[in-house]
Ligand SMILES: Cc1cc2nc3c(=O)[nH]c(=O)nc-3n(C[C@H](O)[C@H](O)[C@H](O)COP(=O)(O)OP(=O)(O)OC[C@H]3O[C@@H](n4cnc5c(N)ncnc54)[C@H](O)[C@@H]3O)c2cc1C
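Next up: just one chain, as structure tokens, the form predicted on its own.
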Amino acid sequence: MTSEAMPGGPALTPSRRGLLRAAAAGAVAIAAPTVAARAQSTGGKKVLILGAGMAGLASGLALLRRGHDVTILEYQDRIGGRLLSVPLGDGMFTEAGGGHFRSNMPYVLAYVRRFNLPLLSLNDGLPRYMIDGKVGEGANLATWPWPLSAEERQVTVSSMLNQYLYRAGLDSDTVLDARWPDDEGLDRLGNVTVGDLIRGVGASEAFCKVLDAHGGTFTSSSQALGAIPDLAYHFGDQNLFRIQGGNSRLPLALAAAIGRDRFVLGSPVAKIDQSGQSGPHVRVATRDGREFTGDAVISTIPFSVMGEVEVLPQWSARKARMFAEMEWDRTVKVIVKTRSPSWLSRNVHGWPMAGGDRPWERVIDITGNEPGGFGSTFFYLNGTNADAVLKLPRAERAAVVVDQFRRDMPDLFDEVVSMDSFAWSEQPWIRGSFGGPPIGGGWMVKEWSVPEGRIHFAGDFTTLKTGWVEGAIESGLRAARQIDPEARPEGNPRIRQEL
């Protein structure tokens, strides 16, 4: 087995020059002129957008189409936020951030079509589970060794979960509507976990363990309000895809349409001043001493680092509480390239291909129909599993996880060609992965939608679709419409326009 590290530093943090050169060289084909070239120069507002992830890009593009003047300030030296593609060699890419999309994401699909991005198809999960020292195959339900109830046997995790959600008055379509939940739903679901919810309609403890093996060890203990949309994506649609050449091509496409002259990269925000000292404008200062003024601000700054930004006047009590109390996961990814997708011969594949109560937690197969013949996977580690790995020297992390997995399931991986690890909690601009309300935090759902003076909020952590690009886009469009009610996304006109 080869355990050499894959190219880490340069691949994970591309330079500003390299980023802009790639966009200019046609890494993303844009048939039409940039929106910036077409935007009207009069009659619009000057909007400062803080963050060049998908939320900021979607809002910026929508506002430019309406003739507003947009400047996007970005902490990092690259565009894309948590869409970060990593080259594996041999023309392959893996994803340190958002790993895939699904066909129940209309905004993502609209932008993919708008920019004519080539796609790879992926397999949904047909996993092998290891729970309580026992092994079961997703492809052989009849032999599952756990004490499931009679109705939980001979059906998939997906089918049974959807049955339980239906009994609880939910379904995998309604909960993905941007207008969900209503006030009754907030009150009913904000203080219960997924486990509490489904146990109340018949789920066994054994089923909850299998659900955790499939969706991540945190699933059944997560707040129902925030976890149910995530489950709806995973269990409500089996059509998965990613972008050939890396999912980073999606934000680069939007950035090219906006126009490179509207981005200021490598500029962490230090201060936001709307105290009136700048007249009717809001003033934003960056750490390198530059200042920008605008009529409005859309902030996609993660709440996990909002405390590093000086704000005048100080945040209202509810905003300050939201920033302080939002919970952030500490996800670690261990990225692995294998000689071939050898697990297919075992009738195991997809998202996930294996999961359990073991330290490796879940391994995801994103190979799909990517050419080249190699296998592409990554492990998702959260909570205590992530903490245990983060205590190790970075050079040892991937090998520890992969070696444990190969001892537990020696027949799934053939030769490991390369491996590496990546932790969002170690990135200074976010210091976490997925942000969401804690138990009892349902009130945040309304709070993050309310502007603070001239500051509007976006980012996937300001939706119940936290961790998903669809939620990031949705939030960016919501913020854009607070500034201009006629701001609209490009793409499929059949997309529901009201948020």
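Residue positions are given as counts along the sequence shown, with the first one as 1. Note that this is a predicted model, so its numbers are computed, not measured.
The same protein also exists as the form predicted in complex with this ligand; that form is not shown, yet it is the one meant from here on.
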To verify the annotation, which of these, G350, P341, G185, G99, has a non-hydrogen atom within 4.5 Å of this ligand in the model of the complex? G99
The unique member of L48, M444, L63, A52 whose heavy atoms fall within 4.5 Å of this ligand in the model of the complex: A52
Interface stretch in the model of the complex with this ligand - options 319-327, 261-269, 404-412, 136-144, non-hydrogen atom within 4.5 Å: 261-269
In the model of the complex, H214 touching this ligand (heavy atom, 4.5 Å): no
Even though this ligand is not shown here, does E74 get within 4.5 Å of it in the model of the complex, heavy atoms only? yes
Do V469 and this ligand share at least one heavy atom pair within 4.5 Å in the model of the complex? yes
Is W424 close enough to touch this ligand in the model of the complex, meaning at least one heavy atom pair within 4.5 Å? yes
Quick one: name the residues from 294-329 with any non-hydrogen atom within 4.5 angstroms of this ligand in the model of the complex. T300, I301, P302, V305, V309
